[in-house]
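What follows is a single chain, given as C-alpha cells, in the form predicted alone.
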C-alpha cells in the first residue's frame, strides 16, 4: 500500500507532571526498555509504511536521540525513511511553532508534495497499541472514504471529556463528533488516528489553514462532516493513551505484568515492537535478592526485594531495600535499606541509604529526573 506515515510527538498540553519537564510525551519511557513512540512507529513499519515523518516541537532532544537515523525500524534507507519535521522560519513563514495539527501539516507541505504515496496515515506518538494498519487501508478504500478515523468502544470509567465522542449511522459513516465534551454522547471514542487521501488532505489544508483554521479535527473535519465521506474503523484490541494523567501512565506500565497484555503487545506474529538497542548485560539477581511479579530490564542489579514493579535498564537496587508497586526508570541507583512504595522514579535518580518514599492513598509519588534524595 502506498501510504506515508506521520506521527505527532506531543505538546505542552499533557498531564504527566515531572515526567515531561525535559522530554516530550512521545519520548516518555514505558515497559522498561521502550519509549511511547515505539508502538505507533513499529505499527507503521510492520504495515509496510517506509516513509515516516515525525512532528517534533516540545522538548525534542530526548526523542531525536532515541530515533536517530531510524535504523532500528529499518528506516535508514535511500527511498523514503525517517524524517524529523520541526518548525522553522522561512521567507514565507515567520512562525516558530506549530499552532495545531493542520498547521503542522501545512508548514510541511513540501514533504507531503514530494512523497510518492497516495494516502496519509496520521497517528500520535504517545499511544500504546499493536495494530496492522493494512486492514484500515482496505476498509478505507472499500468505503470510498475521504477520511477514516480509528475508534474504539470506551471502557468502563473512561473520562469522556478527554476524548472525542463519535456517532455513526448504520454504515459506520460518521455523522457527529463531540470533541472533549463533558456530557456523555456516545460510547465510541476517537483514538487520534486519521487515514486520509493525500490529494484530499492537501486540498483541505490549502482551503483552511491560511484562514486561521489550525486544528485538523475541530476546525476542518467536524464542521465539514456533511460534505465529506468520513468513516469510523473500530479497533477492539488493547489501546492506551499515556499522557492523560500520571495515574494512567502508572497503570499502563503495570499492565505489562498481565500475561494477556504482554501477549497482545509483544508476541503477535510479524508485529514486533522495535526500540533503540543498548549493549547492556542481562539482569543480575543476586543470591539474597527476592523478585516477584516484576518486569526487570537488562543491565539491572538486584540485591534487595522487588515486588509488583517495572524496572528499566541499568537500575541498581541495594541490599536490604524493599521496592513495591513502583516504576523505576533507566540508570537510577537505590542505595542499601531504601523503602520505596507506589512511586515513579525518573531516570538517573539516586536514593540515599535508608530513605523511605511512599504514595499516600491513591496518590503516586513522582521523582524528577536526576534528583538526589
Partner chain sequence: MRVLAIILAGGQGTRLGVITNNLAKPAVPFGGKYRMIDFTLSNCVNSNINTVGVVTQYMPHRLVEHLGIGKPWDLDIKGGGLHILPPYLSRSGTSWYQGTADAVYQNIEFIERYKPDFVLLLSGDHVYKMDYNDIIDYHIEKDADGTIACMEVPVSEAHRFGIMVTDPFNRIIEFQEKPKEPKGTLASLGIYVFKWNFLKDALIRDAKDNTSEHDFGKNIIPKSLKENHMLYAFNFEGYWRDVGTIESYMDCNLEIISSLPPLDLHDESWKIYTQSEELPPAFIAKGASVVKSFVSEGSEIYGTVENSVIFQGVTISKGTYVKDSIIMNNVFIGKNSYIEKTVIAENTVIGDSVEIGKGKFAESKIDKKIYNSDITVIGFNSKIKDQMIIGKNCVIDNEVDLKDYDVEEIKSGEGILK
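These numbers were taken from a predicted model, which means no experiment stands behind them. Residue numbers count along the first chain shown, from 1.
As for the form predicted together with its partner chain, it is not shown, yet the points below apply to it.
> Considering non-hydrogen atoms and a 4.5 Å limit, which listed residue (180, 284, 113, 138) is close to its partner chain in the predicted complex?
Among 180, 284, 113, 138, a heavy atom within 4.5 Å of its partner chain in the predicted complex occurs only for 284.
> Answer with one of 85, 225, 291, 189: the residue that has a non-hydrogen atom within 4.5 Å of its partner chain in the predicted complex.
Looking at 85, 225, 291, 189 one by one, just 291 meets the 4.5 Å heavy-atom criterion.
> State yes only if every one of 273, 280 and 314 has a non-hydrogen atom within 4.5 Å of its partner chain in the predicted complex; otherwise state no.
Judged in the predicted complex, 273, 280 and 314 all sit within 4.5 Å of its partner chain.
> Given that its partner chain is not shown alongside this chain, does residue 266 nevertheless sit within 4.5 Å of it in the predicted complex, heavy atom to heavy atom?
Residue 266: yes, in contact with its partner chain in the predicted complex.
> Answer with yes or no whether residue 262 is in contact with its partner chain in the predicted complex, where contact means some heavy atom within 4.5 Å.
Residue 262 belongs to the contact set for its partner chain.
> Whether residue 107 contacts its partner chain in the predicted complex should be assessed with a 4.5 Å heavy atom distance threshold; does it?
Looking in the predicted complex, residue contacts with its partner chain do not include residue 107, since no heavy atom lies within 4.5 Å.
> Taking any heavy atom pair closer than or equal to 4.5 Å as contact, tell me whether residue 95 reaches its partner chain in the predicted complex.
Judged by the heavy-atom cut-off of 4.5 Å, residue 95 is well away from its partner chain in the predicted complex.
> To test your reading of this chain, name the stretch in 155-163, 97-105, 253-261, 235-243 whose heavy atoms come within 4.5 Å of its partner chain in the predicted complex.
Among the listed stretches, the partner-contacting one is 253-261.
> Heavy atom within 4.5 Å of its partner chain in the predicted complex: which residues of 324-360 meet that condition, in order?
The stretch does not touch the partner at all.
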